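Next comes just one chain, in structure tokens: the form predicted on its own.
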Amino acid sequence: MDQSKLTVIQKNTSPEYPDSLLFIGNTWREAQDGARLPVVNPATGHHIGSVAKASATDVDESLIHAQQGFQVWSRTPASARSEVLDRAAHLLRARAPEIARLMTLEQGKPLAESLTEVLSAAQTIAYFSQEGPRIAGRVVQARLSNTQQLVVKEPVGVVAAFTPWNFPVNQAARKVAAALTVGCSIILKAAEETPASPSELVRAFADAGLPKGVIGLLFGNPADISHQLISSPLVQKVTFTGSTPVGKQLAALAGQHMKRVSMELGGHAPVIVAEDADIERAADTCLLAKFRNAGQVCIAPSRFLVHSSIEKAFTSALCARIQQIHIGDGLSPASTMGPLTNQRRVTAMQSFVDDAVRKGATWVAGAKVDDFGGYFFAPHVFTDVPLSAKLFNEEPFGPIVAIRTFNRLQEAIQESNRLPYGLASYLFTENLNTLHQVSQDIQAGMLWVNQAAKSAPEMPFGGQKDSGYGSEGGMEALDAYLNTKAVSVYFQPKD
């Protein structure tokens, strides 16, 4: 073993934030080589704890346990699996306040948003617990009287799931609940920046009575772990939420091994504000949708396309509401927007701002935030943003609003579809003809009309084009975790 590659962090002694462990074979434990990674509170920039960094040996052990767990769980009746998921949802609800506190400490979002996320995850688990027992094949009418034709649905096997830091519990809950309810086992590779809250999600499932090995939790080097898991012959299904470039790399690797894949990737959501839109409603809605989690949301509105006749009124209304945002530590009850999750995001936001100014966009709202000590970045609003600016070509993933005008609805639709992204989209209109045209022509997996995004567990959640494929919501989410088997039975006629 090359000792120079080990990262050994002094263990945390603060009761406020626990050090995180790996979960392998129903045991919470350190990495075999003792390696750890630091965890930082983005509101202060200070280290608050650490997380175990899995080695290749740890990953191999997790795979073996997951395969053994699958042999048990896949043969467990669907009704019994449902009961375990129901108990996990109940435990998550009961523990939600403490899990939310941990999430805010490690991720930065306001405590109210963290609590909403944990409760939403519990709702997702409860929904999938009921959908699992409803999975059914079918009987197909045979062409011969002495033949029976069946279509059977079976769990695909061991799942490797990769989840991000922006919604560390809810994104994981979607994948875990969908996999478990159909009978798969799952290894969750969660984000190192936010390890404590997904650990509590896994703890809820373990405490609910999952058999040994059915769920595992790893942290460590993302590239190394993803390559090892996806390349393993034991893994049959890969699910990833994250950036488009990384998603393409993982999809390519999975393709080399013929692994089934679900990808929920980056978005750059267009917002069409038609000339007949309710401006006050649109401004209120966009404020909530855009600045939730400091804009670090894959379905956040990003490219604002506003009819020229109402652009000034809409911009004024939005800017007035932005002035009411209270930026600060997410644990403070007064805070309505927390910090960005890491320094990389602050640097990225500043590059978007500098590029917009350099390209000739008009700055109408924003301020420097330099007295908090953490990774804070104030909301910014730009109008007259040229199409050459980064803001209209790359997802900012932060609290920056970019506005352009249009005169004909078709112009807005064309601009919405110009980029290779197709995750979320938004429309504000009171006109049924406008609604019909946009809903028919928009190239996106999701369209929200006169409302902020509401990713209910019973609705499909996924994108088109470079924003990925597959769903993480609704009945459609279960398809990716199931194999379809055709069974044809011939019965020998009796004399």
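Residue numbers run from 1 along the displayed sequence. Because the structure is a prediction, the values reported are computed rather than measured.
FYI, the form predicted in complex with nicotinamide-adenine-dinucleotide isn't displayed, but the following is about it.
Heavy atoms within 4.5 Å of nicotinamide-adenine-dinucleotide in the predicted complex map, among the stretches 148-156, 219-227, 126-134, 87-95, onto 219-227 alone. Of the listed positions (T76, Q249, T362, Q410), a single one reaches within 4.5 angstroms of nicotinamide-adenine-dinucleotide by any non-hydrogen atom in the predicted complex, namely Q249. Only one of F377, F382, F162, F392 comes within 4.5 Å of nicotinamide-adenine-dinucleotide in the predicted complex through a heavy atom, and that residue is F162.
In the predicted complex, no heavy atom of F205 sits within 4.5 Å of nicotinamide-adenine-dinucleotide. Although the partner is absent here, F314 is not a contact residue: none of its heavy atoms lies within 4.5 angstroms of nicotinamide-adenine-dinucleotide in the predicted complex.
nicotinamide-adenine-dinucleotide in the predicted complex is approached by R344, whose closest heavy atom lies within 4.5 angstroms of it.
Put simply, Q350 is far from nicotinamide-adenine-dinucleotide in the predicted complex: not one heavy atom of it is within 4.5 Å. Taken together, the three residues F23, A66 and S185 all stay farther than 4.5 Å from nicotinamide-adenine-dinucleotide in the predicted complex, as judged by their closest heavy atom.
In the predicted complex, the residues of 189-225 lying within 4.5 Å of nicotinamide-adenine-dinucleotide by at least one heavy atom are, in order, K189, A191, E192, P222, A223.
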